[in-house]
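What follows is a single chain, given as structure tokens, in the form predicted on its own.
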């Protein structure tokens, strides 16, 4: 095993340090299946905006970033308040980290409240302000309503950011907004956590104290709890408080996206379907500028550590699995779907997760030169592998427990090579057979009920004079 791991690390390093992205496998892969759907055009912003028909009076599509000139990490098309013109957006972009001005992430159909996301404001030590930024954010509020700004940094970290030109929204300039700090760890801390966890899972000493000690030292489940708690807070503000939310950390490309995505899983039934979840990843991760190329450059087994490496997307998928485990009938997809997405984020024959932003993907001409993951996944033959047989559409908001006892280790990812899948597969097949048999019996019951109703009707007609 040690020799295999050594060769794996060597290959991993060689493949992750290629001189050009265009030398990676997706540029040479040729599909062996009939392409029914062009995944590159499956989840366009215009199509997603149509789903928010009730919001069209207050929101609009803006093409201000058409040439990626305003914000290099945003897509060409974004959703912004109708009352804010493109010139104002350009001014706001100069006041936000990386040009990431506040944009619509989610519209709650039930009460019209919204989740917006952005980069940190560049207030600096002088307390700089931007009237256009204040106007944009306030444009999302209803008359007499307050909003919440959820900052995914601790207050101390946010204050330190001012010395580097960053900062946070001052209450004096945003009086209708209440700021809440919920610290979510970043970069090297998360990568160290993953490395420690994988090391613990591969420990062959079979010592219980050692295993539990290593698991605790990794802090992985603590990170899961922090992220889920913040997502629940955002969802609570929207659904129970009836208040809109703005979410950001520093850049707005990591913990911000974890929170906005998970809040939608909690609030929006569509996000719990296969296509809805794909749209969520496309909108909140790929188009929103999560730097996949940097974050998923290498695995936890690699000896060299890159500065920007971090399992941000894996943590998100783990959080989704935790909710799926607590609500097994509310998701159209199963655990294998999440595992498949994790695998393709790190190594794939498809171009979907290449690059760090839409701008980079356009320069690489991925749509012309590579195949989309969604083109393959959405084939009926593939979808059947990822469909949850227990699924029953649930239109309610689902509230996951974040108690430590409710958050176990994701065995399907971290202990996948330590356990035999034979019995799990057999149990899964048996469950599917029972569900199918139950459906057949239910169909027979419905037929018999109809026949009984017809017989009762006939008897009634014969008895009448």
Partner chain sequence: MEHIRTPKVENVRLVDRVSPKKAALGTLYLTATHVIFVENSPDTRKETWILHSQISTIEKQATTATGCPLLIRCKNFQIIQLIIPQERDCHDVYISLIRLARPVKYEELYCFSFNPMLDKEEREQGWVLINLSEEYKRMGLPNNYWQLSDVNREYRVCDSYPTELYVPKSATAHIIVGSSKFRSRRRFPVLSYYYKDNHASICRSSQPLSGFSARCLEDEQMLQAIRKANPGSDFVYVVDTRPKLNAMANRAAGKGYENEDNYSNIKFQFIGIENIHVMRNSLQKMLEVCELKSPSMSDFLWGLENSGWLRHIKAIMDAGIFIAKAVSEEGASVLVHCSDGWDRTAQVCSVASLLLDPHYRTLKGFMVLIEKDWISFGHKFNHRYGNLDGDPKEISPIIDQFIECVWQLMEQFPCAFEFNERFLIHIQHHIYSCQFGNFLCNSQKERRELKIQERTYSLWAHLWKNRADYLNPLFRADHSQTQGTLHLPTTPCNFMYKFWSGMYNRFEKGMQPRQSVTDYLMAVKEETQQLEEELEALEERLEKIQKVQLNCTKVKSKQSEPSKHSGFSTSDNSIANTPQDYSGNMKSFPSRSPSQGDEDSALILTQDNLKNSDPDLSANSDQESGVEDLSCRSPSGGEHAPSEDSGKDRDSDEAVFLTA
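As the structure is a prediction and not an experimental result, all values here were calculated from the model. Positions refer to the first chain, counted from 1.
Keep in mind that the form predicted together with the partner chain is missing from the display, and what follows is about it.
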Quick one: find which of 240 to 248, 75 to 83, 358 to 366, 337 to 345 has residues within 4.5 Å of the partner chain in the predicted complex by heavy atom distance.
240 to 248
Listed residue (186, 325, 91, 135) with a non-hydrogen atom within 4.5 angstroms of the partner chain in the predicted complex
325
The partner chain in the predicted complex has a heavy atom of only one listed residue within 4.5 Å, and of 275, 173, 225, 196 that residue is 225
Quick check: do 212, 232 and 441 each get a heavy atom within 4.5 Å of the partner chain in the predicted complex?
yes
4.5 angstroms heavy atom contact with the partner chain in the predicted complex for residue 56:
no
Taking heavy atoms only, is residue 148 within 4.5 angstroms of the partner chain in the predicted complex?
yes
Would you check, heavy atoms only and a 4.5 Å threshold, whether residue 411 touches the partner chain in the predicted complex?
yes
4.5 Å heavy atom contact, residue 70 and the partner chain in the predicted complex
no
If you apply a 4.5 angstroms heavy atom cut-off, which residues in 425 to 446 are near the partner chain in the predicted complex?
426, 427, 430, 431, 434, 435, 437, 438, 441, 442, 444, 445
